[in-house]
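Just one chain follows, in the form predicted on its own, and it is written as structure tokens.
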């Protein structure tokens, strides 16, 4: 398993399949003047497979497919099949808004997808449509139901808490875990990209300290669950009588950079070394000039070696070159 210069084991590759999305969440994508990578630069299924094979050869074990919205790729099932069969890869997950999942959940499961995280910011139709612009709760609910019926487990729901939009809805979201064995995770806003969405992330930030307090004031105390893996970004809890898990992902109030095990691959073929920094290493150029698995593995190990630790949010600095829809979180 590869280690970076800070001694962290890096075995988890998050792959952005596209920077396009069928939503325009207020903290992620503006309604107009959206910046996309040129279509010719988008990694093909064959190129993705070659990078994943190289990643498995140097010790990577876990893959997550993200976006933008990954279900917009018409070749998604083919990509999942290729990634799942790569030697050394043990886990293939996907993060999605769930809108298109109802028509493909079973097929993705059969192709080798092991888990899904579904993004839903509210169980209130009106407030969801305000924060997840263009989104309908009924569409997302059908996606969640399809994931359950297909046998994905555990179902993980991601909620980004945004002041003035959905902070009051965290109680109903957390209540789901009392009756279902789902994981409901609350994520703090991160100001990526430097545009209007980054400004919203700064102005509308809600600490998970406040989110946890709001949940406990309404639903009672949460009991801490010991971490299973030291690199888990979520601090997990459950209600005494609950079946599921309430998680808090707190990159601003409680950074977890010291245990980060992630490398990110953008849809246009760059290893993005840290979510909240602009450091990148081009791998697409090597692929398109015919690099073999060994060379691609060396490029990935170089990216691991150059991976920074610690973000600069406290100093008011974040990534300017990439927005959240380019990186997939």
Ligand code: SAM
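Just so it is clear, the structure is predicted and the values come from calculations on it, not from any experiment. Residue numbers count along the first chain shown, from 1.
The same protein also has a form predicted together with this ligand, omitted here; what follows describes it.
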Original post:
Is residue 261 a contact residue for this ligand in the model of the complex, using a 4.5 Å heavy atom cut-off?
Top reply: no
Original post:
Does residue 219 reach this ligand in the model of the complex, with heavy atoms at most 4.5 Å apart?
Top reply: no
Original post:
So in the model of the complex, does any heavy atom of residue 166 sit within 4.5 Å of this ligand?
Top reply: no
Original post:
Would residue 28 count as a contact of this ligand in the model of the complex, using a 4.5 angstroms cut-off between non-hydrogen atoms?
Top reply: yes
**OP:** Go through 77, 89, 187, 144 and name the one with a heavy atom inside 4.5 Å of this ligand in the model of the complex.
**Re:** 187
**OP:** Find the only residue in 201, 208, 177, 122 having a heavy atom within 4.5 Å of this ligand in the model of the complex.
**Re:** 201
Subject >> Listed range touching this ligand, judged in the model of the complex by heavy atoms within 4.5 Å, from 238 to 246, 93 to 101, 167 to 175, 219 to 227 >> reply: 93 to 101
Original post:
in the model of the complex, which residues of 239 to 266 put a heavy atom within 4.5 Å of this ligand?
Top reply: none
